[in-house]
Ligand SMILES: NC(=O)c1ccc[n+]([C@@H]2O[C@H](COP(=O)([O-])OP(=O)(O)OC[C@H]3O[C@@H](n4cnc5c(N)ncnc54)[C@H](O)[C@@H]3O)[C@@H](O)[C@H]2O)c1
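Heads up, the chain below is alone and in the form predicted on its own; it's given as structure tokens.
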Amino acid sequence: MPEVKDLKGKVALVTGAGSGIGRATAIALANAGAAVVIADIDDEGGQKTLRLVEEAGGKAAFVHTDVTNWEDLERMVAFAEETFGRLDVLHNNAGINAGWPPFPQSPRERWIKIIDVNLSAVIGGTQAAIPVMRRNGGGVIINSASLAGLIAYSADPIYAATKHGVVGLTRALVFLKDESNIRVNCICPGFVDTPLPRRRLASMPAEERGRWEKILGQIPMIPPSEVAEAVLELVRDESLAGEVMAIQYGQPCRLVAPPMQAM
């Protein structure tokens, strides 16, 4: 593995950085020396992350971003370049789940929004970042997928579909490393201790919520800081491109090979 380098002089942009994995990653990137752009639709959460970074001595800026809005995606990338002069790292992290009821009972507008946030925004954010990274001589894009993108996750089929899409996109963009010195990788964590599962619980009727609280109470949650460390590993290791990293509680992170190779 190539020597680990610090990120001094680098600029990172994290979507969904107002809480959870995004906040932990923004803080970790700043602690590693990067200037960090915190992007989120949640202004209060984003400003809190900004304060946490600055209180720890890091450099950061916040930009209000609705990742389902193409103009916002372009604006957040332009903001990063205008504020800090470049863009070296993009963490496409913003994500939501389906809430209740699950597919096929869920309303069409809800699952369309999940696709917009979890998959379309990753595609759009990547497309917006590539020209800026090319001007800088390269960069790294880390996408947040999920263990649900590697297995048959029947509890939330549309969420699983979007995360399978993120995994597929990541692997398909491996050509960018040779073409533009841009490495695209993704993380696939299991259950992480973030607001996301709690929001899904809150949307359930009482009886179903009780059942899922019991299930989740038996599943150890991954601390967001551990996921952030995996993101940093993918950022720092210059040999990794088109890779998918599984993150499970109590186990070493591991790269997951595609189920088959094209002939």
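Worth saying up front: this structure is predicted, and the values here are computed from it rather than measured. A residue's number is simply how far along the shown sequence it sits, counting from 1.
From this point on, the text means the form predicted in complex with the named molecule, which you will not see here.
Per the 4.5 Å heavy atom criterion, the named molecule in the model of the complex is contacted by stretch 184-192, the sole one of 184-192, 80-88, 102-110, 125-133.
Among heavy atoms of A94, some come within 4.5 Å of the named molecule in the model of the complex. The named molecule in the model of the complex is not approached by G58, whose heavy atoms all lie more than 4.5 angstroms from it.
The shortest heavy atom separation between R199 and the named molecule in the model of the complex is within 4.5 Å. Using a 4.5 Å cutoff between non-hydrogen atoms, M204 does not count as a contact of the named molecule in the model of the complex. Taking a 4.5 Å heavy atom cutoff to the named molecule in the model of the complex, the contacting residues in 44-75 are T65, D66, V67, T68.
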